[in-house]
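Form predicted alone, single chain, as structure tokens, below.
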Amino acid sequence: MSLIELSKVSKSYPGPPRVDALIDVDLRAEGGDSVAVIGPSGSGKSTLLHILGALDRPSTGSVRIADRDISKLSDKQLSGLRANLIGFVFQDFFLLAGTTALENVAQGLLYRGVAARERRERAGHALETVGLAERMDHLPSQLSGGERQRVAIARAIVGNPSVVFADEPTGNLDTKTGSGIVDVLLNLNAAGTTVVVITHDREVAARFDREISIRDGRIAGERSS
């Protein structure tokens, strides 16, 4: 069973002019995959991420996540699916400025009914996993860009998701720092988490087991190592 399966998925936005962001996309991700989706700006990468992560629904075609057809799920059920199975990492971190790294990560469990003490314990473990054991009490303003992205990754994994989606996670970072972020994501993958990264950087994409190229809303090719 595929963890995620897209079949003939298209996504259009009404105009004028009408925009066909995705066209007849077929894609599968298995448990334990490491996947990079690569393409230029405007190719449909971010739209694909939103569909893969159940943040949006396709115009046509089918999307199955953990063998569940998302077209048959209510918005509340979709929210539950995302909360329990999926973690998201974005280019701009989206950390709360006035709270510590530990508190930012613990926020990821706030709406799951987890007691405060357990939230902090799990947040601490997630920060240790991404190499920030000594920076838990620092505010985002006291952290480097790479450290802030590690906090964002810790927040994404604190709920033990089956899959982590990362949208241009190295886009705001220098090459050396970005490489360290890819190391963190690949370490998560080695521990069993499926990782899907959206990127325009070929050096980043080359480090993943599967590389899917997208152009003008269509899958243009795939490489597997």
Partner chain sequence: MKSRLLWRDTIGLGYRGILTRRGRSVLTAAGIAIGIAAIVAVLGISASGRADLLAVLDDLGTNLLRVTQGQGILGQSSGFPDGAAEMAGRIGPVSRYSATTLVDTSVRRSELIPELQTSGIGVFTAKDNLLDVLGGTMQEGRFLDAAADRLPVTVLGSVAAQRLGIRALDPQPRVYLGDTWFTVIGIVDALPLHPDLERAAFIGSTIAADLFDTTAAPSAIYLRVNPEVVEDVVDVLPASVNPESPDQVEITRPSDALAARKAAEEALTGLLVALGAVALLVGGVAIANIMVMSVLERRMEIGVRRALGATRGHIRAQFLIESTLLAAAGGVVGVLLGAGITVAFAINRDLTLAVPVAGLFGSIGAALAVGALAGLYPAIRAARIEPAEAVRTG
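Positions refer to the first chain, counted from 1. Source: prediction; values computed, not measured.
The form predicted together with its partner chain exists for this protein as well; it is not shown, and the discussion that follows is about that form.
Within 4.5 Å of its partner chain in the predicted bound form, a heavy atom is found for every one of Ser46, Val114 and Arg119. Comparing 27-35, 51-59, 189-197, 175-183 against its partner chain in the predicted bound form, the single stretch with non-hydrogen atoms within 4.5 angstroms of it is 51-59. By the criterion of a heavy atom within 4.5 Å, Arg82 is counted among the residues contacting its partner chain in the predicted bound form. Though the partner is left out of this view, Lys72 does not reach within 4.5 Å of its partner chain in the predicted bound form, counting heavy atoms only. Thr99 belongs to the set of residues with a heavy atom inside 4.5 Å of its partner chain in the predicted bound form. Under a 4.5 angstroms non-hydrogen atom cutoff, its partner chain in the predicted bound form has Gln107 among its neighbouring residues.
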